[in-house]
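Same protein, same chain, two forms; see structure 1 and structure 2 below, as structure tokens.
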Structure 1
């Protein structure tokens, strides 16, 4: 069987949403690149359903006021090339001092905290700058908190929640408004033998606990809206890492956090992205 390879360029904050939607209609896998990603479909997939998902996400993009748009290039590739192309896109990467992100078929690295992602699930693989920044800042500041409990807000693939569990947080909660993300997180938690993560569909407002650490890799607009909730759910002495912020939007996010009573600990740039560590 031949495959369709779509090269899709889309602003990063919308990438995961689109990938999830494509997976739900039969996308076999993705390979993430800098500003775009490759998505693979069997030739038999209904093209109208792909177009439909693309237009839904395009509408979301337009509604968000994003200046960058979505563009798609399609080509057909023969079966045998596909597996190789696919695997080449997933090399293990070291992140921070201790983490290594690797696909299921690679051997885990001794002496590192291995985070295994299953590319066949076609979700974000942690190769994105904002995910990496969260891991770096989590590792850097985990020791400053009491490590009692952590909230991964907008967990996506669950990668940050899994990392937190492996770093020794006693209780980890992972929430996402997208049910497909919740399913992916469950599968990834199993794959990583990260037990006991409280995985739920929903958002922060429905949670009644305060946390030692909060990770929120969402987008600036959502972070601004959620600032009061994030502050209210952070323990005194707790730390929140906020990511998914494009350079130039960091002041706006920080202002919302400051208004909610949080203080800047660290501004951490990576490419065109800025992550913020704030404390209470």
Structure 2
């Protein structure tokens, strides 16, 4: 069987939306690049469905007034080249002082906190700048928290929740509105033998607990909307790490968090992305 490889260039705020729509129609996985991503489909996929999803997101782009558009390049990969093509996109990377992110087929590293991710789940592999920044800031500020509990909001693959568990947080909650992400998190938690993570479908508004630490790797527009909820769910003395923010959008996010009662601890740039650590 052959496979379809789509190279898709799309403005960053719309990338996750498109990826999740493609997953819902049979995408086998994605490899994220700087300004684009590769999406893989079996040759049996209904190509009309792919075109329909691309058209929907193109319409969303136009409605948003985005100057940048959507571009797609398609190619075919023979079956015998599939595994090598797929694996080339996933190499182990060291993040921060202690973390190593690696796919399932690589050997773990001695003396590191290994975070194993199944890239076939199409929710990212932890290689993206925003995920790396969250891990760096989590590692940096975990010692300032009482480590009683942590919330990973918009968990995706669950990599941040798993990292928190391995850093010693007593209770970790991983929440996402997407059921596919919840399933991916459960599978990755099993791969990492990270037991006891409270993984659930839902939103922060449905949670009754307050947290010592909150991780929210979402997009800036959603962070602005969720600022009051994030502040309300953060304990006094707690820290929230906010990511998924493009440079130039960080002031808007910080303004919303400040209005909600939180103060800036650190602004952390990585390429065109900015992450914020804020506290109560």
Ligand code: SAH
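The model shown is predicted, which means the values in this text are computed figures rather than measured ones. Just so we're on the same page, rigid core means the largest C-alpha set that superposes within 1.5 Å between forms. Residue numbers count along the first chain shown, from 1.
By the stated condition, namely the form predicted alone, the second structure is the one that fits.
Here residue 268 does not count as shifted, since its C-alpha moves by less than 2 Å between the two structures after the core is aligned. Fitting the two forms on the rigid core leaves the C-alpha of residue 55 displaced by at least 2 angstroms between the two structures. Fitting the two forms on the rigid core leaves the C-alpha of residue 27 displaced by at least 2 angstroms between the two structures. Its Cα shifted by 4.0 Å between the two structures, residue 13 is reported here after superposition on the rigid core.
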